[in-house]
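To begin, one chain is listed below as structure tokens, in the form predicted on its own.
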Amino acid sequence: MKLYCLSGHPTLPCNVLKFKSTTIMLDCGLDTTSVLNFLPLPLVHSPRLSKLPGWVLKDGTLNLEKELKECAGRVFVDSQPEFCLPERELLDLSTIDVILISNYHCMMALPYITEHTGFTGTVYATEPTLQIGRLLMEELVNFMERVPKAQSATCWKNKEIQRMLPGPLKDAVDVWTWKRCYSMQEVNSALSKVQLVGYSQKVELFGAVQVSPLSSGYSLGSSNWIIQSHHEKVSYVSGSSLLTTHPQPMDQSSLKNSDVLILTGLTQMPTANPDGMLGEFCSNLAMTIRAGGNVLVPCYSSGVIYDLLECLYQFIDSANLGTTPFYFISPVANSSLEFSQIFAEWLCHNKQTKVYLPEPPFPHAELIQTNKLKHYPSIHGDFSSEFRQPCVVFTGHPSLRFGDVVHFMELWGKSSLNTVIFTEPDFSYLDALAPYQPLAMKCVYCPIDTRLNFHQVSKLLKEVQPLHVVCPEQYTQPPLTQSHRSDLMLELQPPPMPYRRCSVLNLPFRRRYERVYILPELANSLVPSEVKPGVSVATVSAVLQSKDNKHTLQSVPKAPPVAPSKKRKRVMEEPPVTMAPKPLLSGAVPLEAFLATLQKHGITEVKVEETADGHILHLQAEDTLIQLEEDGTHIVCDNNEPLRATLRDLVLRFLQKL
């Protein structure tokens, strides 16, 4: 069993598992942190960005002013943002049979995998994962396509040139493999390969293994996966949460008795408590609005935004924010808010009960009805005529490189009354803000990450007790910035097997058993013999048929009687040659009793020698050796067949025939 690791990002995994003749891809996360190296894409022409100076090496030997721009001491690529894809050279991706998706954040690279590698398999995901994943992909394509860039920067990617660039561009990995965003046509084609599954539904893969999704408690429809055969079990844990938020709670008990547990997607903010961050978010928002400023919340169009709106719903009246408008701007804002209300069976119990009252499970429905929350596809159109300040705007993209958020950063960045509040943990907020410096607006960092922290995961692993744990190498050592914090890493016995991008792991367990079925008529013909109390053994002569990874013992076909005839018959398929089975022997030859038997038969001169495996008997007068071992008896006798046959019969007296 092998694991190929195609992504080094611990929360955006992409691994391939080879297990019992099946090749299974576990998630295909898209590492979007690469976009931080690019200049933002403004929706409206930005004089500030267009006037940024080009970058030239100090001694003037390297001039890339058309491709690279300098802003506040940092250098950015002036081109369409590009993404770091999962590794595509480590194995032939056309051999992948199935792709299992754990949540909508971990499927953003799907079109790159299914459309350009010869992939012909099936993708399995839950319905909310598919629908919300589609919205996030649609939003990403929309953000990119509405601000097309004429030129494409490639010179800076040359290895010799990249070495001379300032950091972090100099340290960017595999820049030649970075790709522009896919098209909507590729998204639709990729998602047409998805087959929907429900929690605990068992899906057979070629009769070899069975896969089944379990609730992971992190987001709507998010799953962990069980991959098992009759005798082996692999659990894949990705993006899970034990906190009580809007999704169904995590199913932990089904992870028990795993031979291998592959662990990814732990919290990126192990020291930030989500409840504390929500409180800080609300108080900073209220302070800014009271001072007459605007609040900008760069966020994804699904996920944490539902919890933020719920938290604000409870907070608005107590903080006297009743008249402040809340705007949610995204090409998919309407669909996202509606989807969250219709996926009732994927919600936690308390929200499910509301559906039967009937009430909307999320309070943002009431915010929309009372006109406190308004949603728009973009800043153009209705929004520009209805927009009033001070207000709170939720919009994407959290990287601040594309989407409507770029416009608000340019619009509000010059005033210290305004605040930008970062809630998504995927991007370093300092790197996200770099191309907007110098910035007057206040910045607040309240990362809300509900995924498992190290304390919770250690407790979980103690309960489910897998034999082996495999995880990204980042989890086996403390963070670089807090090297003294040994509580921010996984400490297990035996130690976990770490992986990094491009590593291939031989997973440490061997398949020892295979299930074989026996046909009823063959079973009926068996004659069991008891070898010891409670244990019976029977010999069987059969034909082993293997088809679709199922093995069956069938009766040996009898040769058909040949009718005497002068005419030539077509050559029939010859049945397998059957040999009369030799009797099997069981038991042990007791030394003292055997010596006494030899004496009765006139063999008296016997020299006994003890060995590691048993005894050697030297019959001196007959010049013969008998080796008595645990699993066999050997008679070494030259040119005296009658004596050998006599000794064999004496040995057989002590053994049981089957």
Partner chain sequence: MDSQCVSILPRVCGVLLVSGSSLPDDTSLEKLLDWFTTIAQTGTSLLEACPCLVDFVSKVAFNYTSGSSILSFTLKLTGLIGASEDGFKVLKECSVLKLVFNPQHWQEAGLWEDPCLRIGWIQGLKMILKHSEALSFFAQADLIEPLLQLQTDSSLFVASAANQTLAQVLLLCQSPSSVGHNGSKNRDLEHNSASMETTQNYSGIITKVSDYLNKSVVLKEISQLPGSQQILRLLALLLVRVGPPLRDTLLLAVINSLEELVTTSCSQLTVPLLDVILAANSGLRDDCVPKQRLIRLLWVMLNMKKPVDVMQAAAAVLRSHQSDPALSAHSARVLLLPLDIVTGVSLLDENSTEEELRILITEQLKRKSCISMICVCLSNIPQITLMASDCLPCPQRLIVTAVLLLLRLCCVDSSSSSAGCVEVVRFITGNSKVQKCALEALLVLSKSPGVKMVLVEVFKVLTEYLNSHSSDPSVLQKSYQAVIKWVRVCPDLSCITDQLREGFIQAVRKRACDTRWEARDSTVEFLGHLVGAPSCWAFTEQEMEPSDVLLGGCSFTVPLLKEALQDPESYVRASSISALAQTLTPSWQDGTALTQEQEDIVTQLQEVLFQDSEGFARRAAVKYFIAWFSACSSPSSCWLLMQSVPTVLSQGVADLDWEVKLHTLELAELVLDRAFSDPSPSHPYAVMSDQDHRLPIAGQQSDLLSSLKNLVDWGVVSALLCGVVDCDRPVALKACQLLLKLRGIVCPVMDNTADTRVFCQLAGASVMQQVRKIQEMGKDTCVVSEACSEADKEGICASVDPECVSVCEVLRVLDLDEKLSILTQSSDHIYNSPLSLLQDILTAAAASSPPGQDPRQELVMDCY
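Values in this document were obtained by computation on a predicted structure and should not be read as measured data. Positions refer to the first chain, counted from 1.
Another form exists, predicted together with the partner chain; not displayed. Remarks below refer to it.
> Which one, 345 to 353, 192 to 200, 286 to 294, 70 to 78, holds residues whose non-hydrogen atoms are within 4.5 Å of the partner chain in the predicted bound form?
Looking at the partner contacts, the answer comes out as 286 to 294.
> Does residue 442 reach the partner chain in the predicted bound form, with heavy atoms at most 4.5 Å apart?
Residue 442: contacts the partner chain in the predicted bound form.
> Test of understanding: in the predicted bound form, would residue 277 fall inside 4.5 Å of the partner chain by heavy atoms?
Within the cut-off, so yes.
> Would you check, heavy atoms only and a 4.5 Å threshold, whether residue 487 touches the partner chain in the predicted bound form?
Answer yes; at least one heavy atom of residue 487 falls within 4.5 Å of the partner chain in the predicted bound form.
> Considering only heavy atoms, tell me if residue 543 and the partner chain come within 4.5 Å of each other in the predicted bound form.
Heavy-atom contact with the partner chain at 4.5 Å: absent for residue 543.
> I have 282, 320 and 481 flagged as a candidate spot, so tell me whether each of them has a non-hydrogen atom within 4.5 Å of the partner chain in the predicted bound form.
Yes, the whole trio is in contact, each within 4.5 Å by some heavy atom.
> Have a look at 161, 556, 379, 272 for me and say which one sits with a heavy atom within 4.5 Å of the partner chain in the predicted bound form.
Answer to the contact question: 272.
> So the partner chain isn't shown here. In the predicted bound form, which residue out of 206, 339, 509, 315 has a non-hydrogen atom within 4.5 Å of it?
Checking each option against the partner chain in the predicted bound form, the one that comes within 4.5 Å is 315.
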